[in-house]
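The chain below stands alone, shown as structure tokens; this is the form predicted alone.
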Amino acid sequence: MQIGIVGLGRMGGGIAKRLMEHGHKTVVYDQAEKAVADIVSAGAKGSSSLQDMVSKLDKPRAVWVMLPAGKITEDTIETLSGLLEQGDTIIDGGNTFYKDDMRRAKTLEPKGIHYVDVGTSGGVWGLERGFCMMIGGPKQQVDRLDPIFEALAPGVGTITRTTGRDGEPTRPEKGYIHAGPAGAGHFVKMVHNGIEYGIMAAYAEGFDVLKTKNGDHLPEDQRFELNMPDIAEVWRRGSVISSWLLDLAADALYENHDLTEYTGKVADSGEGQWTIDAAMEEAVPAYVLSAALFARYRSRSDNTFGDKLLSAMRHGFGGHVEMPQ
């Protein structure tokens, strides 16, 4: 299939390259000419503007917007809505607030332009490992674009199948789902990120307790000098708390035991707060997720070893840069 891609940053560039590796054709645009040139060198067709990109796409067109949530995404989709025609599809793969997806879908509907939201997880490793995707939008359009999503997804891989799931692997087993109507994809991804906050906070707090067991405030005969890299390594192997996030923590700790390259000022994408907002709207208790979000806020004025580990994990999976001092 052919698809247009707007935004060739850490994930957008990986999406374009992975699609081309699977035989799909891409027409790409980014405000940074160097980013466009890089993807063109890999086989994409470059464009100098959104209008130029749209003119190079075959009908019915599909354009994947992979930009930061907020004004830049809003402006881009508004511009595209004036360039595209009935039957075309706009895909937002960024970290957009799900209620904005619902609004956009209603706005585009009278023009006959379809809207699909894709909560995309995989970070800077997506090109190699594949992207986990949570998709919202009309079923007919999601089905039409299925070859694109299947190419981007990780696939079944070596993960043991869940008991009772037999026969031909389904979308969820391949690493992507059609979650529901417009907004549902980003809603599921939003909660995914809220859970991510909680898991990362648990690791960070646990390693902080381990690290501080040698603190001067403890009686000398109760102090342990514990090896953080070795503890992370052993927990990766057969432990019930093993995970990719722990893998990333082990990498960071082995490279620098004290994580001195990190300040511990932990940023948030907004999705943790949106998850708590949704929990409050639904009257659902979310103690762990709330505490994890507040811990990030606290880190900006009072940094711990655990905060540094949080920053290291975020850098590991998403290439996220710490907040400035």
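From a predicted model like this one, the values you see are computed outputs, not experimental measurements. Don't overthink the numbering: it's just position in the shown sequence, from 1. For the two forms, the rigid core is made up of the largest set of C-alpha atoms that agree within 1.5 Å on superposition.
Separately, the form predicted in complex with a further copy of the same chain exists; it is not shown, and the next lines address it.
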Location of a further copy of the same chain contact in the model of the complex, chosen stretch of 71-79, 139-147, 86-94, 238-246 [non-hydrogen atom, 4.5 Å]: 238-246
Quick check on residue 110: any heavy atom within 4.5 Å of a further copy of the same chain in the model of the complex? no
In the model of the complex, does residue 288 have a heavy atom within 4.5 Å of a further copy of the same chain? yes
Does residue 132 reach a further copy of the same chain in the model of the complex if we count a contact as any heavy atom within 4.5 Å? yes
Evaluate residue 42 for contact with a further copy of the same chain in the model of the complex, applying a 4.5 angstroms cut-off between non-hydrogen atoms, and reply yes or no. no
Would all three of 195, 234 and 304 be in contact with a further copy of the same chain in the model of the complex, where contact means some heavy atom lies within 4.5 Å? yes
Taking a further copy of the same chain as it sits in the model of the complex, which residues of 139-162 have a non-hydrogen atom within 4.5 Å of it? Please list them. 154, 155, 156, 159, 160, 161, 162
Residue shift check between the shown form and the other one, rigid core fit, residue 312 Cα at least 2 Å: yes
Knowing the Cα distance between residue 306 and residue 280 changes 3 Å or more in the model of the complex, does it shrink or grow relative to here? closer
